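Have a look below at one chain only, the form predicted on its own, in structure tokens format.
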């Protein structure tokens, strides 16, 4: 038994989420597959985006899945690392820009 919440061995069981709602799961997985197919963006580019988003939302299962997927689709560690830095920059910028809200609030309360 795992001694922490995240267990990498759980990832292959993701499809089981549909066991009690098969119609919804079928729709989700069909849509999910279509999203990651080649389109205006290549499947490799989408995998890098997914890897970056996985880091931004801090999903360890997604990080594992899209690290593997990005490598399988031809990305290298430099590209993957750069994608993670993009996610970190956006996440950091989003935190900082909320400082504008803080500044406006302190002006309203007279500090």
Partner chain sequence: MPRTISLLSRQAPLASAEHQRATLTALPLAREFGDAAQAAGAWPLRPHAIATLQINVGKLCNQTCRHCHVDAGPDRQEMMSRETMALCLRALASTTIPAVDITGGAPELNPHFRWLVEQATAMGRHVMDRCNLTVLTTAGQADLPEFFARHRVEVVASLPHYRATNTDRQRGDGVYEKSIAALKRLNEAGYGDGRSRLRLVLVTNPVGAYLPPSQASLEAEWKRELLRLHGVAFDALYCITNMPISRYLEWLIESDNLAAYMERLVTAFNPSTVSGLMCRDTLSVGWDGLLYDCDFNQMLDLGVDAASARHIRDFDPAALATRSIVVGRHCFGCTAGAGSSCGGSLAS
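Residue numbers count along the first chain shown, from 1. None of the values given here were measured: they were computed from a predicted structure.
Below, we turn to the form predicted in complex with the partner chain, even though it does not appear here.
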item: Contact test in the predicted bound form: residue 74 vs the partner chain, heavy atoms, 4.5 Å; value: yes
item: Proximity of residue 59 to the partner chain in the predicted bound form, heavy atoms at 4.5 Å; value: no
item: Contact label in the predicted bound form: residue 44 to the partner chain, heavy atom within 4.5 Å; value: yes
item: Non-hydrogen atom contact residue 38 with the partner chain in the predicted bound form at 4.5 angstroms; value: yes
item: Those residues of 79-99 which, in the predicted bound form, come within 4.5 Å of the partner chain by heavy atom; value: 79
